[in-house]
Every structure is written in C-alpha cells, then in structure tokens.
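Shown below, as structure tokens, is a lone chain in the form predicted alone; questions about how it binds or moves come after it.
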C-alpha cells in the first residue's frame, strides 16, 4: 500500500524538505510514479500551501523600489517539485491522533481530508499586530508578495494625493512613512522605500514634494545583531540617506493619522509599516505537543515533535534549540534551507526503523542591503560594508534563487536597473465592478458597469 509523507508550508523550510524527500525516494526507487518503484513500498510526497508558488522573501524589498519585476521573485511550486504532489488551499486543521490534515479549498470553501504516515510542519509564523493598539487597523505588513505590491502602490498613491493637497499639515502626513523595526527587514524596507519615494517625487515637475521615511527601533542602533561596528555603520548610512531614526523608542499606539511613541511624542503619518511581531500559526494550537514558554512548537534535536507521533517541526514555526548556545535558532532562510533536508532524511530514517541524527548548524553570516550600492554583513566573522557588501549581497541571493530562469530574470533586472530609469507606475488591480455595492479593495465612487445586476455576486459559487 502506498504511504504518504505530507509537508505543510511552501516556504524555504517546507520546499527544501519536500525536495529532499523526492530526491532520496527517487534514488531508492521508492517514489510513487518513479521508474522501478513498487506500489506496496512507494511513498507519495505531498506539499500543502496556500498558494501555488514559492516566494523568495529576501528580495521582497526590491519589489517595493521597482528594482525587480514582481513575478521574478516567485517560482511555481510544481516546477520546483517534479515527482511530488502540490495541494493548494488553506490549512483548516491538524489531527495527530487520526493522522489527518484538513485543507480548505480557496474557491469553494470545501474541506478536503488528507491522511499521512509522516508529517512535516513548516508553516512559518503569522504576523502579530495585537501588541500595538491600532496597528492591525492602520498598519501595513511586509510578509507576502501582496504586501510588498500593496506598499509600493500605496507609496505612489500618497504622492499623487499630496500633489493636489492644499493643507500643509495634511500634505505632510501623506508624505510621511513610518517603518517600525530596525532588524534586517525594517532596514531594507526603509532603504528601498526611500529610494522609490525620492525617485517618484522628482517626476512631479509642477510641485515640490518632500517625502519622509522615519524608522522607529527600540534599541540604540539598528542591526545590533551584527555587532556594534556594523550597527553603527548602518545607522550612519541610513541617516546619510535621509532616513529619520527614532532609536530607543517603542510604538505605543497607531492612529489613522499618527503614530504615538512611548516617550509621549507622536509622528503625523498616513502610512505605518510594521516589520516586527511574529506569532505561531493558530491552526497549530490544537496539537498536543511540546511547546516553549512563548507557545511555539518545541521539537527535539532531530526535529521530531514530542507528544505527536511521526510529526516533525522545522522553520519559523518551531523553537529549535541551538546546541552551541542553548538558545532558539534564528528564524532565517539560511537556517531553514538546511533544516528542511535534514528533517527529510530523519523522516525517512524513522519510517525505515533507523536512528535519526541531531541537527547542528552554525550560521555562516548575514548580509543586509541598506540602499543603492550599500550593504553590511558579517561573513564567517569578517565584517563587510559599502559597495563590497552590496556586491556580495546581490551575488549571494542571486545564487540562492531557485531555478535558472529566475536567476537570469533577476540578473537582467538588476543590470537594467543600472542602465535604465526605474518604473514608478502604480498598477491598479481593481476589477470592473459587476454589482452596485462596494467590494473589498474598492472605494466609494468607483463606477459600476452599466447593466450590472443588483443582486449579483462578484464571485461564482460552485
């Protein structure tokens, strides 16, 4: 009888685990559909994800500035996983007693039940905006491709609104963008957003627009995890680029038109970008398994999850203790792409009654872009910055991009960016309205199609 290994999540950890499973099973002639595989000994590898593509998240900030075409940071999952099965939908439930997961179809809403013999959980984390009052209602995240696309459109839309605004105070709010968080994501988003706004503002020849980017961070310097020297260097470079820094401050509240800080000061702004706040996926709350003090899944050194038989947890969704530091490993792509294959080999070992091996990995370094021609990093203990850091940053991520065609496309994008002017167009994804009522994403006043049916639904129900 064919057995099934299910992987939850199409990020770095999940995809690399599924790829290793397919590779190892094909080599052993035990992959369903592979040449020479016997049906009663074969395994099916099933990857469950909400989208049918993989997003190369380290380059999302480049989408904001327009350095890279939007589709060039996504790769079809089925192209990355030949020999495996990809199921698209929303994870509805995980039942470790019955060894089943529920997958809710995006279109119909129907829930399909998928059984497993082994389960790898690599769902990553979800954005936690609850810690700051008003952030959920008025903040913008940068976790997904849609987030990056939306933020780019919003930035350009704010410039258009500011151009015709006659009230100086309101114009200042429209042109002020607050980025919360001084980690790698916050720094890259602030730098790319600043580049986009300055470039786009110069195209308005009939009025002078002066956009502001303000970065709020709770520590005395940004990128403190890279050490004081690179932290100070990055802080200085951001200031030189015209990014205003509010260091040693926390956001206390977000309103529709301002951000309140813990020192009782406020920043008038119409756009607040949050790059902080992670939480475990709520779907995993019902799994009776080991957890750390913060509620994250706590697998052992082999990624096996105590309390849940034949279940492994990897990536950002798990609190994986580093044996060298006795602290949780950082939630980075660098760790995820190594955890995935290791977990896959342990799963196969466990299914075949063999011993599993503990995971041990020392981070090689870190690279962060801080704007055009500037980056900082720590590679094997060697500090790099400036143009050299920028070249290394681009080279590393270009090599890490999955599939040759994506590497070629991004390389061409980066080359053209050096030679040609960047696009500063706002691309609307609003549809032609078919009903008189307002649909999500529409604002009052957008015209409805002539002859639209008053009771018609915008979506078909199957």
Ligand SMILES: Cc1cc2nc3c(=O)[nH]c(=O)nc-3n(C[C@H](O)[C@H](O)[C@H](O)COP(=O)(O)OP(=O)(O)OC[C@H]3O[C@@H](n4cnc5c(N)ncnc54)[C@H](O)[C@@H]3O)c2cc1C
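Positions refer to the first chain, counted from 1. Quick caveat, the model's predicted, so the values are computed rather than measured.
Below: the form predicted in complex with the ligand, not depicted.
- Although the partner is absent here, residue 389 sits far enough away that none of its heavy atoms falls within 4.5 Å of the ligand in the model of the complex.
- In the model of the complex, the ligand sits within 4.5 Å of a heavy atom of residue 13.
- Interface membership of residue 283, defined by any non-hydrogen atom within 4.5 Å of the ligand in the model of the complex, is confirmed.
- In the model of the complex, the ligand stays beyond 4.5 Å of every heavy atom belonging to residue 245.
- Of the residues 224, 266, 85, 332, just one reaches the ligand in the model of the complex with a heavy atom at 4.5 Å or closer; this is 332.
- Site annotation in the model of the complex: the residue of 277, 124, 371, 181 reaching within 4.5 Å of the ligand with a heavy atom is 124.
- Across the proposed site, 67, 153 and 159 without exception lack any heavy atom within 4.5 Å of the ligand in the model of the complex.
- Heavy atoms within 4.5 Å of the ligand in the model of the complex map, among the stretches 344-352, 116-124, 224-232, 191-199, onto 116-124 alone.
- Contact residues in stretch 397-428 (any heavy atom within 4.5 Å of the ligand, taken in the model of the complex) are limited to 397.
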